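Listed next as structure tokens is one chain, alone, in the form predicted alone.
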């Protein structure tokens, strides 16, 4: 899959496909990366070290602060795949890259590619400032 890079980086990680958007501010634990939003279908699941795929963020622009802090602490997603561009998520990755020299690739997939993501699998993301490639291995059925 070819995507649109919002932040560069290279990583391989297990896929975590969310059923609904997520607010990092109030919806995830800054110290662990666990989804804590009581209304979220994946509450209790940790996004730490996973290739997190979701439509986009929900809620406050303060989510950038929480996600950037998770990146600093090493409990953030290893990569983020989005269905639509999301400035809040991209800002967190860009700030973490500049302040902490830690890259978390953020890539926007086409609606068709996003909808074709499997429920499980291993994702390899290779994103530069100009291009992004996403490969799925060991894919399960959605």
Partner chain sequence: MKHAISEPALTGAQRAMLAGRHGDGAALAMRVVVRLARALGADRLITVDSAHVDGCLFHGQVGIDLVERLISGGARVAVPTTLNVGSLDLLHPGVVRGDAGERADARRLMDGYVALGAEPTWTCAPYQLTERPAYGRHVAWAESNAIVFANSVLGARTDRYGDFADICAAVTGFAPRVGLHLDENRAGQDLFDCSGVPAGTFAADVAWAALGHLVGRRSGTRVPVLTGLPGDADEDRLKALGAAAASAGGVALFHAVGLTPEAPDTATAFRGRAAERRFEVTAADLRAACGELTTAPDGRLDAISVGTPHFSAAEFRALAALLAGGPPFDAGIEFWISTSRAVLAEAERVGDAAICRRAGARILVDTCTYIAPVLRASARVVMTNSAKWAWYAPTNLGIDVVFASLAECVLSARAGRVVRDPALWAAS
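All of these numbers come straight from a predicted model, not from anything done at the bench. Numbering follows the first chain given and starts at 1.
Below: the form predicted together with its partner chain, not depicted.
Remark: residue 85 counts among the residues lining its partner chain in the predicted complex, judged by a heavy atom distance of 4.5 Å or less. Taking non-hydrogen atoms only, residue 95 approaches its partner chain to within 4.5 angstroms in the predicted complex. The closest heavy atom approach of residue 79 to its partner chain in the predicted complex falls outside 4.5 Å. Its partner chain is not shown here, and in the predicted complex it never comes within 4.5 Å of any heavy atom of residue 46. When its partner chain is considered in the predicted complex, only one residue from 53, 75, 35, 90 comes within 4.5 Å through any heavy atom, namely 90. In the predicted complex, no residue of the candidate spot (19, 42 and 116) has a heavy atom lying within 4.5 Å of its partner chain.
Applying a 4.5 Å heavy atom cutoff to its partner chain in the predicted complex picks out 97, 98, 99, 100, 108, 109, 110 from 97-126, in order along the sequence.
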